[in-house]
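What follows is a single chain, given as structure tokens, in the form predicted on its own.
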């Protein structure tokens, strides 16, 4: 059983934040909705939020999966071919700090109001953090260990499989802790940009805002925050199980 020293500070912080929220709802009612109203919206029609959450989650995970596979494959090429590394990495660094969510309206125009623009934007948002981290991890092999493999005439594939990929796993999980919540942001931004989209938490926020239903807006935001926290926790749990051997 966890001692109070572990959970009590968090509970106290939640209480303080809750009191501050209620104070804000009383004095700034056009910005904050009372927590009771938000809870009432969530419990009044849970199926509505569950169905829209599943839509946003599916868009985020599909986009993340595509982005991860493409970024990992390119990171392997980058780590093995110096010419490609020198050509690709400067561009990747520039694009990683570019607000790609700004192209969401263009993707909607090009791909329509379906799932495609959400998946593409999510994949792009996740691609560059994964590429940069995994490429760094694949190169983060201790020199003496690499020299041992070269001494026994290990092939590039053997070095990659037995040395570079295991060495990159801490970097892979570090990038996943970033991009799992980030994938939700990409999906929601694309939903907000698709004015004709009817499903997803981004659409819930957009429709509720246009109708001045503040409690529904905050309910959708709270669901997104909880979902992002859950994804972050799952990645952390997986990291602890997979990297139990690592010093981190």
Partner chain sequence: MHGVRRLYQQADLTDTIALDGIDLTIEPGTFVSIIGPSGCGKSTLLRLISGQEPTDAGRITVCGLTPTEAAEAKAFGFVPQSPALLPWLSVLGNVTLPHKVNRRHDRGLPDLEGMLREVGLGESIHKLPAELSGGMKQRTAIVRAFGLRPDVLLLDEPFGALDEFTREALQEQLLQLWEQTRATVVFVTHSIAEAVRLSDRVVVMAPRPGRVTDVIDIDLPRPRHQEVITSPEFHAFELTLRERLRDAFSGSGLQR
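Predicted, not measured: the structure shown is a model, and the values here were computed from it. Positions refer to the first chain, counted from 1.
Not on display, but discussed next: the form predicted together with its partner chain.
No residue in the set 98, 105 and 108 has a non-hydrogen atom no more than 4.5 Å from its partner chain in the predicted complex. Remark: residue 244 counts among the residues lining its partner chain in the predicted complex, judged by a heavy atom distance of 4.5 Å or less.
Among heavy atoms of residue 77, none comes within 4.5 Å of its partner chain in the predicted complex. Although the partner is absent here, residue 166 lies within 4.5 Å of its partner chain in the predicted complex, judged by heavy atoms. Although the partner is absent from this view, residue 156 stays clear of its partner chain in the predicted complex, with no non-hydrogen atom inside 4.5 angstroms. Put simply, of 145, 87, 73, 93 only one has a heavy atom within 4.5 Å of its partner chain in the predicted complex, and it is 145. Considering its partner chain in the predicted complex, the lone stretch of 128-136, 114-122, 158-166, 171-179 in range is 158-166 [heavy atom distance within 4.5 Å]. Residues from 100-138 do not approach its partner chain in the predicted complex: none has a non-hydrogen atom within 4.5 Å of it.
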